[in-house]
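What follows is a single chain, given as structure tokens, in the form predicted alone.
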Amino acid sequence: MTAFLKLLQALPTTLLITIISISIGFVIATIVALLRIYKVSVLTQIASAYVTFIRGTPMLMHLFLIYFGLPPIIDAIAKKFQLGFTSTSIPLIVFVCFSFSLTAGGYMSEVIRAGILAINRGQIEAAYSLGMTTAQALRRIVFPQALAVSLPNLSNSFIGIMHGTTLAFTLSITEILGQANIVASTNWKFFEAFIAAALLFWGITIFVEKLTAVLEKRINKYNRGGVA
């Protein structure tokens, strides 16, 4: 019980990293999915290469590439434009969130792309016949239905990124598993500490699954009632 209470101190960090990464990743994923669907010259090839690279390399590698590769670029830009700061002034959690956002974007782009492609093309053509622009058709017709189709897999992405936050401890970010290591190293009760961490992750996962079920039901109800 003591170990569990101490692990709760790291819960906000885990949730913060997860929510920020998923939110930014969702935006990236949507843009990448649309680029690949509508085959925008050059950008489509870049988007495809990005997805292939992200899906073909480990999450830990993304973290290290950003952590070791981004600071020199930031320092060079800051020096050139005399911005008066260096990469050392940026909190480590920013690099972690940026890395995980790119990871989430790569994986979720395939989920969103599949969701959009699952929508009957005739609905989009009907929207065009009513005078809607592509943006309006996507926002009012396609996205609500695609979200309902994609929601279970998007929730899996959320859970996956949340579990992946345990890698942040490699950069000295104290999330749940990092806190478990700290607790275990102070009292030598490794089994109890890691069981407490597992139960905490399990509890969050169950909550996300329940929340997803509620959202899915509401979105489907909204879609059956038409779009405003």
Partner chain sequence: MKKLTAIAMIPLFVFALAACGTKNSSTNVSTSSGSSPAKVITVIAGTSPTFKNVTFIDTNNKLTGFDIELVREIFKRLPGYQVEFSQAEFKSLLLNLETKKIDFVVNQMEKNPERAQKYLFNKEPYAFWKTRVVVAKDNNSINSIDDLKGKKVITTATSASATLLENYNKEHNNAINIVYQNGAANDQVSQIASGRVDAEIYPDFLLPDQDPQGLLKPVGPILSRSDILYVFRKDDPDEQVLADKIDQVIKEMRADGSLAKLSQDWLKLDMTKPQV
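These figures come from a predicted structure and were not determined experimentally. Positions refer to the first chain, counted from 1.
Keep in mind that the form predicted together with the partner chain is missing from the display, and what follows is about it.
Residue contact check for residue 92: one or more of its heavy atoms lie within 4.5 Å of the partner chain in the model of the complex. The closest non-hydrogen atom of residue 188 lies within 4.5 Å of the partner chain in the model of the complex. In the model of the complex, none of the heavy atoms of residue 52 sits within 4.5 Å of a heavy atom of the partner chain.
The closest heavy atom approach of residue 68 to the partner chain in the model of the complex falls within 4.5 Å. For a residue to qualify, one of its non-hydrogen atoms must sit within 4.5 Å of the partner chain in the model of the complex; all three of 64, 88 and 170 qualify.
Considering the partner chain in the model of the complex, the lone stretch of 22-30, 195-203, 35-43, 162-170 in range is 162-170 [heavy atom distance within 4.5 Å].
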